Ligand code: H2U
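Have a look below at one chain only, the form predicted alone, in structure tokens format.
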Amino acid sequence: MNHPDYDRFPHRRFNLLTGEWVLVSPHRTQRPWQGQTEVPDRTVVAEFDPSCYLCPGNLRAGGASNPDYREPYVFTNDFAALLADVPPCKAQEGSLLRAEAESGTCRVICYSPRHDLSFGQMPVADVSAVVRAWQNEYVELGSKPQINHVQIFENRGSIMGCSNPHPHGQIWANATVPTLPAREGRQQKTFFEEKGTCLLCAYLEEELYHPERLVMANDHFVVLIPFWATWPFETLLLPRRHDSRISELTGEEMAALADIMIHLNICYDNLFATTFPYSMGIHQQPTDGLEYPEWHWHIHYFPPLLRSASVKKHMVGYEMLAMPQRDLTAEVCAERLRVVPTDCHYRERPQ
């Protein structure tokens, strides 16, 4: 299919990172969209909430008390999905059904002592401190002999399952590499062995040559709508320099990463004048002590908002039973995001 047909006819797009396909149906949105005009959400949020179990000095749900922290604060999740001390177990029922024990640990990282902030409202130095905490956790947890994968992620917004609006993320460290990072690792390894170069380096070069899906960039990082995007305003944040893990970032790169994450967060929030919900996660190489030259670390953003703060994308019907599907093309969404002003968060503009 020729490129001009992307915005006219149904077609499939191949996901380089997973080896799967996504169905794109652009003909369903050919008419100009004059959607709902959002009223900016200016709900006043206090800097400190005495009932918040993540604010400094408060009692957490598990009974422990937070210190009076003034920088990113990391603690073991009081209701962790993974436990360090799990008795070894392998069970099999008949010839088909298998189960085995999975050990690990789960941590929470509070980005800021301020209850009312997000990345889009924090200065570069404070977001850089979060990146530094991510680096430290990746190295510390990854050095444990029983940990082979460290997943850093954030669920933002109640519709993404976030139970507390205090700015925070999570870190789950597994004994085994989870399904999606493992799949991405296999795709990158296959490409590296066949082509002798990095899959995402080659992909980024292609996107920079045809920049219609680019959203924003600086000297060290690029944010784009991936060609195979499934979620409406899904983005992929890629480092220009090839590396397999965030622990190798220089000080200049850390500041550049913080800066572009801030602007992307502002862009998302300003798009519909709301606290934009998403799931964000960092994918990087396993922590089993081996080297993975094929791995190129990156950050995924998966947001559900479709055409306004009140219209959301849900994976139902065909998508749950057949394959992912989208109506808005990656190119259209990239253009929508590119024109959003990111010089100022909408909450900080004069009313």
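Keep in mind it's a predicted model, so treat the numbers as computed, not measured. So that there is no doubt, residue numbering starts at 1 and follows the sequence shown.
Absent from the display: the form predicted together with this ligand. The rest refers to it.
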| item | value |
| --- | --- |
| Contact stretch among 77 to 85, 128 to 136, 248 to 256, 113 to 121 - heavy atom within 4.5 Å of this ligand in the model of the complex | 77 to 85 |
| Heavy atom within 4.5 Å of this ligand in the model of the complex - residue from Ala175, Cys162, Ala273, Cys198 | Cys162 |
| Of Ser244, Thr105, Asn155, Asn148, the one that lies within 4.5 Å of this ligand in the model of the complex (heavy atoms) | Asn155 |
| Exercise: Arg60 in contact with this ligand in the model of the complex, heavy atom 4.5 Å | yes |
| 4.5 Å heavy atom contact, His220 and this ligand in the model of the complex | no |
| Contact flag, His168 vs this ligand in the model of the complex, heavy atom cut 4.5 Å | yes |
| Contact label in the model of the complex: Tyr53 to this ligand, heavy atom within 4.5 Å | yes |
